[in-house]
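Below you will find one chain, with nothing else, as structure tokens; this is the form predicted alone, and questions on how it binds or moves follow later.
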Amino acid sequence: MKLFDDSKSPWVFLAPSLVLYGLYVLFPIVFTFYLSVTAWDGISSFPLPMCITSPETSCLSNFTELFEAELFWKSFTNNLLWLVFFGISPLFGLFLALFFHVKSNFASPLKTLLFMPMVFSLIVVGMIWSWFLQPGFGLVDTVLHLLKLLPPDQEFGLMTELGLAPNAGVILAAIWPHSAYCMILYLAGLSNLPKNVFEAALIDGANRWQLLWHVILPMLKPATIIVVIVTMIGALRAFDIVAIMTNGGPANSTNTLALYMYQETFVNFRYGYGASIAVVLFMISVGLILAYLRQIKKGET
């Protein structure tokens, strides 16, 4: 005797996962949107929208204040820099994947060494690079002094200068493990490509560049879509490596939206304002990913 018909069987098995997904993903998203229209400090009783507790106040006051804040636009600009320069990691990952796809005696040990940073926490990666770039006694300064490329009384100062220099140092540190992740994704894609297509292209007289541009890259499109989306999300949610290396400094020159959200929420106890930053960051992420997928779909038609 069946407890339920076959049409309902998939939902029975999916139910536990759907409950957990709703509890730990959907509910926090919805609750964050709700918090964004409150002035909750994280300590007082359950918050109500500002337009209810203070009728003279708009429910969108957090967003109005946010878009007028200079630090928001500075953090947003830094996230755009992350989007641009963090895009180097997929290219570097593709290069490494193509290099290691050719079988050799040293491929496996080198792949292991290059993938090792991905095993580390980004906190550890940030601490390592902070030691590398520490002005005065960091590894980079020490080597430059030993090689006489930097006077003894001067510092390299990449992390203490204002402008693009600190962002470059932090992004460089983040590219190190992310390139390894992109490499693994591309290696998985390359391993699934049919060899007969390569052989047919070589028989037709295609050289290596033609083989790469007209055969390999188009067939790696599914892997590339995943890599680009993961890279975009990683650039927009940059937080931990920035927090451990610079904490947004010097003078907020490396602050990002995720770090700004953390500071306002858990340091200044402005949960409502921090939630509004999270909502804006979420909308930017969704908008960019949908625009990218629409462009991909348009190219297929």
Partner chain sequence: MSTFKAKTWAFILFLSSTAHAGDLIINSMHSDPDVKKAFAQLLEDFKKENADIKVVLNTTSHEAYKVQIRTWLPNKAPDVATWFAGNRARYFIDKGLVEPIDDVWTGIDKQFSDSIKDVVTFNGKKYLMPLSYYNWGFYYRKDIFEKIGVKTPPKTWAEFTTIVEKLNKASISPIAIGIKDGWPAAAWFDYLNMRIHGYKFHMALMAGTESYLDPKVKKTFEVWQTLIKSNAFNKSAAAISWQEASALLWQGKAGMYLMGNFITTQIPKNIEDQIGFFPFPTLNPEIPNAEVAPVDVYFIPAKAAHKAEAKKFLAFLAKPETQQKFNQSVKLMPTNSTSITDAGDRFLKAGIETLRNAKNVSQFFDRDADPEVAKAGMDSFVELMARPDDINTIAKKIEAVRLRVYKK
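Positions refer to the first chain, counted from 1. Bear in mind that the values here come from a model prediction, so they are computed numbers and not experimental data.
Although not depicted, the form predicted together with its partner chain is the subject of the following passage.
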property	result
Answer option from 261, 37, 244, 232, heavy atom within 4.5 Å of its partner chain in the predicted bound form	244
Residues 42, 251 and 271 all lining its partner chain in the predicted bound form, heavy atom within 4.5 Å	yes
Candidate stretches 65-73, 232-240, 25-33, 47-55, one within 4.5 Å of its partner chain in the predicted bound form by heavy atom	65-73
Contact flag, residue 134 vs its partner chain in the predicted bound form, heavy atom cut 4.5 Å	yes
Residue contact check: residue 153 to its partner chain in the predicted bound form, 4.5 Å heavy atom	yes
4.5 Å heavy atom contact, residue 227 and its partner chain in the predicted bound form	no
4.5 Å heavy atom contact, residue 159 and its partner chain in the predicted bound form	yes
Residues from 199-228 in contact with its partner chain (non-hydrogen atom within 4.5 Å) in the predicted bound form	none
